[in-house]
Structure formats: C-alpha cells, structure tokens
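The form predicted alone is given below as one chain in structure tokens.
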Amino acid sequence: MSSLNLDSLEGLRIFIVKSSTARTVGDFGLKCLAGESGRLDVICSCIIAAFKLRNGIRRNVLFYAVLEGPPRPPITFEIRGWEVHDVPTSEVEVAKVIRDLLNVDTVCDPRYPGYYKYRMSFRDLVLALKSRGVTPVYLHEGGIDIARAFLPKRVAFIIGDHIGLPVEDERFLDKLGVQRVSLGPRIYLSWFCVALINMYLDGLWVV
C-alpha cells in the first residue's frame, strides 16, 4: 500500500469494493466480460460510478478494488481521483485498463496515471487503513440507516460484489467493531450503492 498522506486530502471519500471471483491475471477477453473475467464488470461499473461526472471527474475519491478470484489472488488496485487523467465511460474500457495493469509486473504504469497495483488482501487493506486513522463502515441492508449513522470525515465504505462479502469477511469486520450502515432495506447493485453514497455525501459535505 502506498504512503499517501491521507490527512492532507480535504473532503476525501474512500470506497472499498471486493470481488471474490474477479480474475487476478489479465487472460480474459473483453467481448464477454462478465463470463470471462469472473464478473470484473461489477468492479468496473463501481469505478465509473465512483469517479465519473457528466462534466469531469470526482477528484476527492480514493477507490480500492480488491480482486480475490483465481488464479493468483489477492490483487488490490488503488485509484486516486486527483491523479487520473480520464475515467472511461464503459465497463469494457475500464476492464481493458485493469487487464493491462494485471499484465505488468510493476506497481504502476505510465499509461494509466493514478492507478496502482498491490499484492494485498481485503483484510490487510482494511487493517492498513484503520492504522492510518480511517474508519471503515460496511454497507449492509441490515445496518443502521446512513442518515442516523456517525460518519467521520475519514471514512471508507466497504461494498460487496454481486454475491456480497463472504461470511468469514463479515465476521472479520464484526470482530473489528466495524459499523454496518444501510442505504435502505433493499439490496442494491454495487455500483448503485457507490452512486447513492456519492449523492448523499455531496449533500453533507461541501468539497
């Protein structure tokens, strides 16, 4: 994980989206993305929802995509909104960026500024962020309504993929005392959760 000075980033919002099935090597095609990539399309749609504005990019977003599918997990991507030059508008275009980065041995690639790749698991990422003063919260339909939850300025929203977080990860978060926060009683698509959180925070914090 990088040595970012999180305290220097005003109005920062952090997302962690974990996929237990997404491929961890760049050997998948793009024509049948959902089938060949292990549902990497879920991660890609979340990245678009996190960063893309009609007239630009959300510069105050730090996004972590944790891939723990076969054959070489784990891989974590860190995407810094204040560094990226562009955010693609389609899942296929985002998947191509991730595939290219999976196929290089370096942490970053000059073709894609703002993208960083680490050999880091979901649990290690959560612990690393906590050690740097970030409060993780877990998006879950059974949690406290987000309007009544205490959200510190330095918060990371944890979101599962199309099948949700595995039970063992939920137990890990419970042992850490991670608060469960709800966007409502229904189960929403992952990308929609990201979009709703951005909309909610837009109304809370002036950035």
Ligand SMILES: C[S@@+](CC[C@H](N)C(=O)[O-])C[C@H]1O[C@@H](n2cnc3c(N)ncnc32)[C@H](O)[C@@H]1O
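The first residue of the sequence shown is number 1, and the count goes up from there. These numbers come from a predicted model, not from an experiment.
There is another form of the same protein, the form predicted in complex with the named molecule; it is not shown, and what comes next is about it.
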Looking in the predicted complex, is the named molecule within 4.5 angstroms of a heavy atom from every one of 64, 128 and 134?
-> no
So which stretch, 50 to 58, 23 to 31, 174 to 182, 65 to 73, is the one near the named molecule in the predicted complex (non-hydrogen atoms, 4.5 Å)?
-> 174 to 182
May I ask you to state whether residue 39 is within 4.5 Å of the named molecule in the predicted complex, using heavy atom distances?
-> no
Taking heavy atoms only, is residue 159 within 4.5 angstroms of the named molecule in the predicted complex?
-> yes
Are any of the heavy atoms in residue 165 no more than 4.5 Å from a heavy atom of the named molecule in the predicted complex?
-> yes
Indicate whether residue 139 is a 4.5 Å heavy atom neighbour of the named molecule in the predicted complex.
-> yes
Go through 182 to 201 residue by residue and record those having a heavy atom within 4.5 Å of the named molecule in the predicted complex; state none if no residue qualifies.
-> 182, 183, 184, 186, 187, 188, 189, 190, 193
